[in-house]
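One chain is shown next in structure tokens, namely the form predicted on its own.
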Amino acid sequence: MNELDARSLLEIADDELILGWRDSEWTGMAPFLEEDVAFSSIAQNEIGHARALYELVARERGATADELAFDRSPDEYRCSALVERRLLDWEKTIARHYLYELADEGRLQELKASDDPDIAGLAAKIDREEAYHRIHAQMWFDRLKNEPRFTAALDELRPLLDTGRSEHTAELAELWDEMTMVRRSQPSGTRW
């Protein structure tokens, strides 16, 4: 794996980790019980994908998945602004879900075509699970596509797909405090 591949995988891992945490915020708060279950499952998948990607990069860099996921400062993360935002409106969360899954599908197709068998194999495994996320996102898109608040949310969030990955929102620092609290409280760190 070359450094360009490692950076690309790290960006995807950071997106998946942060999105997983953001999706998990809907547990117990989604508008329907089925969506509590669905978003909890999606969040677990995203965090699991992040872990697998971090492990691949960690092997290359002589680190651990835990170190990559939790020991970097917020400004060292390479996630997109789209996943950083704490969205408290269902239509915005669904708009992000839909936009993210479309973009993620393209990234996974590229990774599946990698010459590196470890990258291609992991991307194929992740893509099989992400297919269900895409079905879920498409179902909600079809249900909400004519709702003005949903279309406004799509218009608001779509530009975040094109923003750089080196500047972050204050919301990422707040989330980082929360998600690294336990690890930082232990002198020797903790493990996933």
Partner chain sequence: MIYEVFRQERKGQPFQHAGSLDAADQTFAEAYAKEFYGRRGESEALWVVPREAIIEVEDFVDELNRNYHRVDGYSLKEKLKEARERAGRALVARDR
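Positions refer to the first chain, counted from 1. Nothing here was measured: the structure is a model prediction, and the numbers come from that model.
What comes next is about the form predicted together with the partner chain, which is not displayed.
Asks: Choose from 163-171, 46-54, 137-145, 150-158 the stretch whose residues reach within 4.5 Å of the partner chain in the predicted complex, heavy atoms counted.
Replies: Looking at the partner contacts, the answer comes out as 137-145.
Asks: Should A124 be counted as a contact of the partner chain in the predicted complex, where contact means heavy atoms within 4.5 Å?
Replies: Judged by the heavy-atom cut-off of 4.5 Å, A124 is well away from the partner chain in the predicted complex.
Asks: Going by a heavy atom distance of 4.5 Å, is A63 a contact of the partner chain in the predicted complex?
Replies: No, no contact at 4.5 Å.
Asks: Can E130 be called a contact residue for the partner chain in the predicted complex at 4.5 Å between heavy atoms?
Replies: No.
Asks: Does the partner chain come within 4.5 Å of any heavy atom of T27 in the predicted complex?
Replies: T27: no, not in contact with the partner chain in the predicted complex.
Asks: Where, within 28-52, is there a heavy atom within 4.5 Å of the partner chain in the predicted complex? Residue list please.
Replies: Contacting residues: F32, L33, E34, E35, V37, A38, S41, Q44, N45.
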